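Structure 1 and structure 2 below are two forms of the same protein chain, each written out on its own as structure tokens.
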Structure 1
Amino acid sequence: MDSSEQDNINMIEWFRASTSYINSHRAKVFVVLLSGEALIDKNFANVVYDLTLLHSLGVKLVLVHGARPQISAALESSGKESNYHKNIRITEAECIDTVMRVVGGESARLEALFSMGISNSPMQDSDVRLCRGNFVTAKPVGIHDGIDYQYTGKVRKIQAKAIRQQLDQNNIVLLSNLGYSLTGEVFNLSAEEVATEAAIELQAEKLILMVPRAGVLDDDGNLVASLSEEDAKFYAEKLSKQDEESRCIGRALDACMRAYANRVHRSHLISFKENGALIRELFTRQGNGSLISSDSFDNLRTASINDVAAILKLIKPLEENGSLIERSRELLETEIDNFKVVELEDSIIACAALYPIGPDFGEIACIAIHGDFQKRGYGDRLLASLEAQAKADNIKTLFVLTTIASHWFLDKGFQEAQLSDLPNQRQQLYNFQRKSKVLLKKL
């Protein structure tokens, strides 16, 4: 079998495997954020092709575009300065005309891109209709800390009924970062806020935010494929203190958390720079982005007695190579309440445990991840979840005894310590033959 024939077989198998996703996505509402940075990226034409494919498969699309870098460039070229307070642009009266011109131009350019029908291209015979309108009612941000934000606004209302009417007519609805007040004024809004509020009002199946990276990355640069609400909060706070690209991911996570809190239970962070990332995230099991979800597709939860057999199977290879101390079924059954597990499509793929030791200490133990799912951020998720639980239980110090993973724990804020730093009852159980390193972390 030559390579081209194998490629054809792989394509056929992928297409067959995608059938269940096609069926589940049909007639569902997806709200997609296209930032101003996405609109000017060299891969954006491919993003348009993929959105057109979603539309042709029966997905009801609401697209929300921003224009942050375009507005900044236009203001600079006209000699006006972009002023911010708490990372929010102050839109002065003399700037709002420039904002309207720039945003209107980007909306028109998007309409043109979705109107293409070039032969031998993904857009051929697509017959896509985009609909724009005054679907977003806005109000002024007002004055905060003595700063008047002037024509910077917030979402007052999303005209959900009118949007649904357009979706029912098989139109794609296009929203921008402009909103309109009850007194006829135009306000400059955050595109992330517009997308989030639209997803909430429409009770969208998905909120999709196209971002400049593959999604959320852990400290080693590996993609965190799935996050709980707890994980999203952890990473959003962390990213908010880093560079602009990281802060962009942080803002997207904040949007996801607001959507999550208002019954939009599946949000995706997907790269606008990577060709086909949107399709791979939505139509393959492996995905190609970060998913914030409330369902059991990838569920981090407290373990139950029914998970004992799966945990034993998961940790057995690590016991055999000496990384973990062997646990019997009987012992694990008595300790099961200390464990958390990650469940993926009815299979336990990762686990970890927190053992309270005395009033102030807690031991992190038994972190194990199935070989097929390593370097995907599951260790980070489990550790973050156990740290949050420890704080809730008023544990002041976490410790871990490890023979091979000390560098990983050091990267997570643990520090090397001595055996004498542990509580007395744990010192007495220390195995001197294993020579495990002692690491501590103050909470």
Structure 2
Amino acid sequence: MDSSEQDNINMIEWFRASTSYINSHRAKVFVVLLSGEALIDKNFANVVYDLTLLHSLGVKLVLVHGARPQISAALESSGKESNYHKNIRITEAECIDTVMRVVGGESARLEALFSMGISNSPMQDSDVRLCRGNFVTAKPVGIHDGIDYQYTGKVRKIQAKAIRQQLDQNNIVLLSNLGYSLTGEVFNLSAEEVATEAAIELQAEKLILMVPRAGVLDDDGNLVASLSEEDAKFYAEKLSKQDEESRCIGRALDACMRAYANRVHRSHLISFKENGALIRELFTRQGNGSLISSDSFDNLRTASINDVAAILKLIKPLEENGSLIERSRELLETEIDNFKVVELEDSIIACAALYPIGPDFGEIACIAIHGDFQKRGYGDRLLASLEAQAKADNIKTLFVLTTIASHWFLDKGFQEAQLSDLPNQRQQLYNFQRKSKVLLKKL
């Protein structure tokens, strides 16, 4: 097979593999921050192509653009100085007209880019409608340390209902770093803040921050693909003391943490400089950016004796309603090494166990996710982790006995089997009163 044929096969395989991502992203709200730096980058046309693709796949997009370098350049060329206090620009009364002109110009430029439809380009037949409006209500930052920030503002309210109406009509909503006050004035806001508050108010599926680097890099320059809350805090603090590009990543991390604290569970930092980074992060397993998510804020680990009380508490209601067989504290203490748990903010919210039976079999047991955290993929992750451990332990076949979750296991690749398919020692312990189904999975 020559290399072009191999490329074709790779492309087809990648496209097929993207089906699950396409399905899971469809009809979800993504809020995307396009900083002023992103708008002037030479790769920006590709970012527009990729956003158009997301829109075509049914993602509901809210774009928020900034114009920081453009405003600085315009103020400088008109002989006005940009004054800052605590890293925040003071927008003086004589500057707000320039800010409006520059930001309005950038919004119009974006509208033009999304209107392209040249044949043989990714925009052909795309027919995208961008919609702008007074969706952001602002208030003045006010006076701090005796410094009046004048026309520098903060978000007071995001008109989420009006934005949703536009998204429901298949429009892309375009917000900027301008907000409008109840007194009829225009305020200069931080685009990061607008994007974060919009994501929170809309309870967006994702907040995506397009940044000048691949994401967060460690000391050796390697990409940190997934960050816990602690990691995010650590890097935000560290980067805030470095050069402007690093500070930009630091601000993005602050935005992610605020979004996370307000139930936006997935934020991505993705490079606006790299062709296709957005597509790779959203449509491939390996990704191509830094993800700050609830998945990385929790801790899936092997249980210890200190977890026994919390596991007993978690499984008690399920034992009482007959979903799980009863386990005494003593039994759990002796078997605790077989358990894995998910810990979230110092609470055990999920557990599951793997018992090796003979040389070839492993039994999955006692899988339980706290009611408040079901349907968020914890069961899936615990099972995947136990399967990985089983493979590492050379277990050939996994089985489970279940009364109410057989379909969940069937979805995970288990198949219905007979009691006689189990190892003898387990057959003898089968409780005929429970009438559990037997499910097997070959590893």
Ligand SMILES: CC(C)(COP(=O)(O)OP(=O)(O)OC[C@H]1O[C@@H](n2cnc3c(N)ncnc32)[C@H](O)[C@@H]1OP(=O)(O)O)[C@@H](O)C(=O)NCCC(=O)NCCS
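Just so it is clear, the structure is predicted and the values come from calculations on it, not from any experiment. Here, residue number means position along structure 1's sequence, counting from 1. For clarity, a rigid core is taken as the largest C-alpha set superposing within 1.5 Å between two forms.
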Which number belongs to the form predicted alone, 1 or 2? 1
Relative to the superposed rigid core, does residue 409 relocate between the two structures - that is, does its Cα move 2 Å or more? yes
After superposing the rigid core, is the C-alpha displacement of residue 106 2 Å or more between the two structures? no
Align both forms on the core first, then report whether residue 220 has a C-alpha shift of 2 Å or more between the two structures. no
For residue 329, what C-alpha shift in Å is seen between the two structures once the core is overlaid? 21.5
Aligning on the rigid core, what is the distance the CA of residue 304 moves between the two structures, in angstrom? 5.4
